[in-house]
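Here's a solo chain for you in C-alpha cells, the form predicted on its own.
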Amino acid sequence: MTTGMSTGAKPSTAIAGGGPSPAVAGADDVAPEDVASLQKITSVYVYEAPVRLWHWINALAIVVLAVTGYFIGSPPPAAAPGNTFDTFWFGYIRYAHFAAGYVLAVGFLGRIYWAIVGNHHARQLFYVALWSKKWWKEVLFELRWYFFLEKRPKKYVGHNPLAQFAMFFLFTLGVTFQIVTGFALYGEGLGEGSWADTLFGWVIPLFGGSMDVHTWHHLGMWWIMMFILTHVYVAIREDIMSRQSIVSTMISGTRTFKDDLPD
C-alpha cells in the first residue's frame, strides 16, 4: 500500500511559476487558461460606502418623485367613490412626493459633503474639466465607442469623461434645478414667511409666476427621466462590453478589470 496520498486524491492545478492555484469553487474543473485569467484580474476600491448608499436611496427617491409628480401634474380620476376628503388618495400622493423631495434634498447635501471629505472619485459628480484638451479628446473617443465606431474601449477607474459630462450636466445640474423649483412651489403651500418661502420664494417671480415654475419643474422631471434611461442603458451595456465592471461596482465599491492589457 502506498502511503502519503489518500485514495482518489486529485492533483492541484498549478499556476505559472510552479505554485498551487488559488482555492476556487469547482477547483477540480479549473483549466490552466482559467487560472491564468484569474491572475490577470485586478480590482480597485473606487466608491466608498456613503457614495453607494446615497446612490441607491437617491434612485428610489427619484422614482417616487417621478411617479407621484406625474400624477400631481396629470391627476387621474378618483380611485374610490365618495368624498375626496374621506378617501384622501391625492393627499397621500402629495405626501409621498414631499417626503421623497426631502430625502432627495438632504441626500444631495450629504453627497456634497462627501465630495469634500471622501476620495477623489467622489468629486467627479460636481465638476468637469472643460479646460483640458486631453479630457475633451477622451470625451470624443467615448462618443465614438458608444456609437460603435471604436473597436476597443479604454479602461477607467472612475467615471469615463463622457459619463462625467452627462452626470454633471444632466444629473447634478438637473437635480439642483428640481430641488430649487420644488421647494419654491412647496413654500407656496407652507405660506408666506415659511422657511421654504424665505429660502426659495425668489424663484417664482424670477420665472414669471407659479404656473411657469410648475411647467419648468414638470419639464425638469422629464429631463431627469431622460438621464436615468440613458444611465441604465449605458451601465448595462458597459458592464457587458467594456473592460471593467460597472453595475457590481456600485454594489461592492470595487472596480474589477477584465484584462491586464495597457490602456
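Bear in mind the structure is a predicted one, so any value in this text is a computation, not a measurement. Start at 1 and count along the sequence shown; that's the residue number.
What comes next is about the form predicted in complex with ligand HEM, which is not displayed.
K.L.:
Should the three residues W135, L143 and F257 be counted as contacting ligand HEM in the model of the complex, with contact defined as a heavy atom within 4.5 Å for each?
P.N.:
No: none of W135, L143 and F257 comes within 4.5 Å of ligand HEM in the model of the complex.
K.L.:
Could you work out which of L53, M226, L206, V232 is the residue within 4.5 angstroms of ligand HEM in the model of the complex, going by heavy atoms?
P.N.:
Partner contact (heavy atom, 4.5 Å) among the options: V232.
K.L.:
Please check if L162 has a heavy atom lying within 4.5 Å of any heavy atom of ligand HEM in the model of the complex.
P.N.:
No, L162 is distant from the partner.
K.L.:
Does the 4.5 Å heavy atom contact test between K155 and ligand HEM in the model of the complex come out positive?
P.N.:
Answer no; every heavy atom of K155 is more than 4.5 Å from ligand HEM in the model of the complex.
K.L.:
Quick one: is N58 in contact with ligand HEM in the model of the complex, heavy atoms, 4.5 Å cut-off?
P.N.:
Close contact exists here: in the model of the complex, N58 approaches ligand HEM to within 4.5 Å, heavy atoms only.
K.L.:
Is G73 a contact residue for ligand HEM in the model of the complex, using a 4.5 Å heavy atom cut-off?
P.N.:
G73 belongs to the contact set for ligand HEM.
K.L.:
Taking heavy atoms and a 4.5 Å limit, what residues of 171-188 are near ligand HEM in the model of the complex?
P.N.:
Sequence-ordered list: F171, Q178, I179, G182, F183, L185, Y186.
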